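Form predicted on its own, single chain, as structure tokens, below.
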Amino acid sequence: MKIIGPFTQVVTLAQLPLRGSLADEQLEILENYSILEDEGVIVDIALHQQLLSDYPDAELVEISGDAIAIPGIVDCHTHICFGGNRANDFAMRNAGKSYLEIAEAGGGIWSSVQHTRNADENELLASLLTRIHKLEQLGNTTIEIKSGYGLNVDAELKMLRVIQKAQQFCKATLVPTCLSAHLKPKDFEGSSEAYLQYILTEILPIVQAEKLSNRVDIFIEKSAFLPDESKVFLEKAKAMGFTLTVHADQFTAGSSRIAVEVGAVSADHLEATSEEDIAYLAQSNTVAVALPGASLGLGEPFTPARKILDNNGILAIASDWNPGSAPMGNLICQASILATYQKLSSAEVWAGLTYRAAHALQLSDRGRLQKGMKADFLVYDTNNFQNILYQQGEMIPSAVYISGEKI
């Protein structure tokens, strides 16, 4: 049992609602409080002197000087298991080249597929762990990671096995997602429907048997899979027992409706979502996941986060860290910029980075600092939590605690 503190501020995010807009006045900010944890779980949060008096035998981890504690970040959408590099894509795109021109020059998703297929498991694991450790240093205590750069049985399973193995070498919780339906690979002989059936019959049964993932994703877009075939695929994956999530409305509207209709836990991207679809999505239990990194990387509009919240939707914010469209990974930086353009309160941003993002991953034991929750939290050397977003990613945690242990 440990007492960690005292903190100038503890930002608990306790008692905030799951959906809808939030005002900063709703935030619970405790001054000179400490956190009592035992076996990775928060036992109590109380005034420092009170905890010292009530638990005289507890180990004391003393925090000196100004410091705030805030829940650990949950990044509920990343693609950080990949081989190769697509810096040339970024340069060409900024120079005005089209998607087709970039692909013809050897770039695009297919470039990442080739490099990922060619990398062996040790290479993939080493690069993945480098990215995971960077995210941990930035305050990410739970990280979703997708496959989707393999696009055949061997390479997709390789990716998911590497993600599973990476959990042995990091403290952050890793949540694997099977995105074999990223796009139809160039070397697949057959239609898009045939490739989706190939995933259902050849890939997902092994994923299930080896317990590599219980989540399935699909990219619904003109350049990937069309709405009707995607819905059939999602319904079949659901019937197999998989939880669903969807890459929706990134460039064209409409697919977020499919996410709702099939009961997906989240619809991610949403940059092109229509007014009607915002209302439809917001009335459902499907989490809307904004990916500002993709907007920054592609020069596209931001997810209409303000409208989603004002329609009483559930909004999470994730990094989409991937080698092509969102190569940054710094979620605080991205969320700060999104907040500026979409006029999001600090409470809305932090909710989207923590307990609302955890809800998109069906994790109810994290994202808030309160009794019974997982002791995942960040320490920043400042006397005011507002400085974190104010500095737009320049301020990084001085300490990251996962399950009550400083990593």
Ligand code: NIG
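Note that the structure is a prediction, hence the values are computed from the model and not measured. For every residue, the number given is its place in the sequence shown, counted from 1.
Another form, the form predicted in complex with N-(iminomethyl)-L-glutamic acid, is not on view; read the next lines as being about it.
Novice: Spot the stretch among 199 to 207, 254 to 262, 116 to 124, 75 to 83 with residues whose non-hydrogen atoms come within 4.5 Å of N-(iminomethyl)-L-glutamic acid in the model of the complex.
Specialist: Single hit among the candidates: 75 to 83.
Novice: With the cut-off set at 4.5 Å between non-hydrogen atoms, does N311 touch N-(iminomethyl)-L-glutamic acid in the model of the complex?
Specialist: Contact with N-(iminomethyl)-L-glutamic acid, no.
Novice: Taking N-(iminomethyl)-L-glutamic acid as it sits in the model of the complex, is H182 near enough to touch it, meaning that at least one heavy atom pair lies within 4.5 angstroms?
Specialist: Although N-(iminomethyl)-L-glutamic acid is absent here, H182 would touch it in the model of the complex, with heavy atoms inside 4.5 Å.
Novice: Applying a 4.5 Å heavy atom distance criterion, does S325 contact N-(iminomethyl)-L-glutamic acid in the model of the complex?
Specialist: The answer is yes: S325 has a heavy atom within 4.5 Å of N-(iminomethyl)-L-glutamic acid.
Novice: Under a 4.5 Å heavy atom criterion, is L270 part of the interface with N-(iminomethyl)-L-glutamic acid in the model of the complex?
Specialist: Taking the distances in the model of the complex, the answer for L270 is no, it never comes within 4.5 Å of N-(iminomethyl)-L-glutamic acid.
Novice: Of these, Q334, N140, Q250, T245, which has a heavy atom no more than 4.5 Å from N-(iminomethyl)-L-glutamic acid in the model of the complex?
Specialist: Selected option: Q250.
Novice: Since exactly one of Y195, F302, F90, F219 fits, which has a heavy atom within 4.5 Å of N-(iminomethyl)-L-glutamic acid in the model of the complex?
Specialist: If I apply the 4.5 Å criterion carefully, the residue I get is F219.
Novice: Does any residue in 145 to 162 get within 4.5 Å of N-(iminomethyl)-L-glutamic acid in the model of the complex, counting heavy atoms only, and if so which ones?
Specialist: Stretch hits: a single one, Y149.
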